[in-house]
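Okay, here we've got a single chain as structure tokens, the form predicted on its own, with questions on binding and movement later.
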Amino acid sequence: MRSNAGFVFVLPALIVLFMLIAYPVAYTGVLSVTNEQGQFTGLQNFADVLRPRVTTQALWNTLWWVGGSIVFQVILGVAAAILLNQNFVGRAIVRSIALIPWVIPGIVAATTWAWMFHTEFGIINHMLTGVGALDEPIGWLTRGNTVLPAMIAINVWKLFPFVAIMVLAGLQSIPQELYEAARVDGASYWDEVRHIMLPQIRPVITAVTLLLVIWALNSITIIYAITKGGPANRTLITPIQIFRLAFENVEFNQAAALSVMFFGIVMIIVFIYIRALANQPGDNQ
């Protein structure tokens, strides 16, 4: 009886997980290989959803969206963490202010940035034309070569504070003896950053990067609220395409097929991350 007590206690949680995760995933898999009448069609839905050029365009946009966001989020986040780790007057206030972009709701941030990037009334064009950096206002959200970089910039602004806080926690856990020994040996500040700080926070950066990848792959709030994937699908990413197929075109089977393929890509990324984390120095000690 005692051996089954643990199972009895976790059974409600297992039932909830099954209802919220396992069943929807399994049902999505069933939808991906059937038609609207529930008849088995094999890989036909996968072929149909991969045939249009927009699917390839959405995939490339997703890669640029994820890659561009993460690179700058990590770089700016680590730099901000190193800065916030220094001793200066008002450090607590600056740390609190640095969190503001992260705590602002996504839809509020998207709406605010949409007005800031507005061609005629946006403050960004007003500032750039005011100092002479631009001869005339630019349609940041209407030009094909500027709209995706603008979305990436907003996403970087939104999430780099999260990286900064996580990395800052890692920096504060570094023993002071390492800094003192380095200074005795004549190390400069940049030597401390390169040979002490960055190696010590590498596991933190690895974990944070995984979270950023997962969030970027599943995030549609900023893009959908501002451009809805336009103009001309220049900001269309795969999650938005799945949403369009399911709830705008009412093609649930093709949306399910694309979801299954997207889920496979995410699982591959997670597997690569697990392997990379397992090979981190010191993990086998």
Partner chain sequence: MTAAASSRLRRPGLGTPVIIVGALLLVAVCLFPFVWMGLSSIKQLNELYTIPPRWWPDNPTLANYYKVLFQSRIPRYFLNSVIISVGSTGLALILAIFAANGFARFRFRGRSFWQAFILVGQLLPTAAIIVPLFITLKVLGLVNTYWGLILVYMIITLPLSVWMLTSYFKAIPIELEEAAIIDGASRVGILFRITLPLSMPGIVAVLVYAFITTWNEFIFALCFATDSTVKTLPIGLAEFSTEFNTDWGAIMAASMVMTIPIALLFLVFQKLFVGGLTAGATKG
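Note that the structure is predicted; figures quoted are calculated from it, not measured. Positions refer to the first chain, counted from 1. The term rigid core refers to the maximal set of C-alpha atoms that superpose within 1.5 Å between the two forms.
Just so you know, the form predicted in complex with its partner chain exists too; it's not on screen, but the next bit is about it.
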- [ ] Check each of Thr28, Gln44, Asn35, Asn233 and return the one that places a heavy atom within 4.5 angstroms of its partner chain in the predicted bound form.
- [x] Thr28
Open item on the list: To verify the annotation, which of these, Ile138, Ile201, Met166, Val147, has a non-hydrogen atom within 4.5 Å of its partner chain in the predicted bound form?
Closed with: Met166
Task: 4.5 Å heavy atom contact, His126 to its partner chain in the predicted bound form - done: yes
Open item on the list: I'd like to know whether Gly132 contacts its partner chain in the predicted bound form, with contact meaning heavy atoms within 4.5 angstroms.
Closed with: no
- [ ] May I ask you to state whether Glu192 is within 4.5 Å of its partner chain in the predicted bound form, using heavy atom distances?
- [x] yes
Task: Any non-hydrogen atom of Ala98 within 4.5 angstroms of its partner chain in the predicted bound form - done: yes
Open item on the list: Does its partner chain, in the predicted bound form, lie within 4.5 angstroms of each residue among Leu17, Ser259 and Val270, using heavy atoms as the measure?
Closed with: yes
TODO: Give, in sequence order, every residue of 228-261 that has a heavy atom within 4.5 Å of its partner chain in the predicted bound form, or say none if there are no such residues.
DONE: Pro239, Ile242, Phe243, Ala246, Phe247, Phe252, Ala255, Ser259
Open item on the list: Using the rigid core as the reference frame, would you say Met267 shifts its C-alpha by 2 Å or more between the shown form and the other one?
Closed with: no
Task: Is_shifted Ala13 between the shown form and the other one (CA, 2 Å cut-off, rigid core) - done: yes
